[in-house]
Ligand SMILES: Cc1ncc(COP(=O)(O)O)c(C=O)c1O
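Before any questions on how it binds or moves, here is one chain, the form predicted on its own, in structure tokens.
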Amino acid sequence: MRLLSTKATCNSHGQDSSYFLGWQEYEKNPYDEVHNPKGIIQMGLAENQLSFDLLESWLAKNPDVAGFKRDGKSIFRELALFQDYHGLPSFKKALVDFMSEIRGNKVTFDPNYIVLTAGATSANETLMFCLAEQGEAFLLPTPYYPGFDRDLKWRTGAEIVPIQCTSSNNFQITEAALQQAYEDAGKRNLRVKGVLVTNPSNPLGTTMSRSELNLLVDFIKDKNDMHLISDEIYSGTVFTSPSFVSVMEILKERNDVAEGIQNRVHVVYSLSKDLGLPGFRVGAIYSENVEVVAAATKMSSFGLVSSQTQYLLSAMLGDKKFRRNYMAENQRRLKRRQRMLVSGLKKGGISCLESNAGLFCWVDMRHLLHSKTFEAEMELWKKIVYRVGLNISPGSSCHCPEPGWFRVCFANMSEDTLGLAMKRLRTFVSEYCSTSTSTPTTSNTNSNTNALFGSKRNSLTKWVFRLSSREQQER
């Protein structure tokens, strides 16, 4: 007799991805300027820690809100007892106003169509439960956020079919790639229920063009039973041109209302990236499909946002002057930090995909590979983790079809730490390039690496190579 359920014992969560493995290695040996200066610097975590001082300053100036008071009187009991999963009306109103402002007030959002969730993870999974049956598929452009393998598939039973995007056009979605993905799903006997994109993109750090967005809307328009999910949790991080264009703006410009296209387009949002509050677990689904809203609202009871959190953030986001100043200053800081990373990499002979948003860069290290293989990518990644002491995310964990790309985060550390990371990497590249000519074969490279890492890490090396092979098969 089985002691645990199939779900509890299955291995489809994605936790064994090299993306999460890097985190585990960092946690064993985390960098600390004083206590562990030779430790691993975490550059695989897309956290926005650049503007906490602005948030803390607002809290200091609004002690009643932070103390759960209204007009000087405690409302702690009121908030502690409130548990309506529809959410606080004041917070939903403040949230949709904030979302509109991020989009230049070119579109508006109706708070009646907002469903609050415990972060974007919960929002995306809830939409999968609402839109797809077990075994049905969504198309996702590559490279994509590694957590989607968990968020979209693990509990829902839905499948992901990649839309293969390449560096030849800066990883933009093409009609040919979209159609090929649809045909690939058919060969696997999978019914496609829609397309999910991140805009701005994680891991590319780029915004989608109007032509790409119109292509996607046209695609689902032609297929009467398809949906489009636009995960826009990085929408407030756009720090330079081109500006962010929401799928909602595209819908407003088109004349498809009579055909009900707006009922098949859904937006996911969160305050984890723009405000840097992942620990607050505040996410949202915006959909003008009343059936989706009704079903998602019922499901949200499994992952509510606390009333205390809603009260605090309704006041903060309701402060129009604060939120405008915050967004402008946060974007300025992101731009400065991104340029610091790009400049530091360039000094080491490493280039990046040109980006304008997000908390990371998509870094091109193909010239550092001994061969154009994912095995070579994993070998380089291990050297960067262990020899250089930087945890970055290999492109294979993001299902990139080309080996040699890496996601490198820049907003979760101080400028001094980022400077140290760049110094470490430049030193490594200089030494690596000077010795690479003496290790022309994969077998020699493996021997040198094993000697470098030691017996304790050999078991991990073998495990990662097995993982790399499995990741390629999944693509």
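Each residue number is its position in the shown sequence, starting from 1. Everything numeric in this text was worked out from a predicted model, so none of it was measured.
The same protein also exists as the form predicted in complex with the ligand; that form is not shown, yet it is the one meant from here on.
- Contact check for Phe148: a heavy atom falls within 4.5 Å of the ligand in the model of the complex.
- A residue is said to contact a partner when one of its heavy atoms sits within 4.5 Å of a partner heavy atom; Asp231 meets this definition for the ligand in the model of the complex.
- Among residues of the shown chain, Asn124 is one whose heavy atoms approach the ligand to within 4.5 Å in the model of the complex.
- Looking at Thr237, you'd find every heavy atom of it more than 4.5 angstroms from the ligand in the model of the complex.
- Of the listed positions (Lys223, Arg337, Arg281, Lys383), a single one reaches within 4.5 angstroms of the ligand by any non-hydrogen atom in the model of the complex, namely Arg281.
- Screening Thr206, Thr156, Thr198, Ser246 for any heavy atom within 4.5 Å of the ligand in the model of the complex leaves a single hit, Thr198.
- In summary, the region of this chain contacting the ligand in the model of the complex, judged by heavy atoms within 4.5 Å and restricted to 115-123, 129-137, 301-309, 328-336, corresponds to 115-123.
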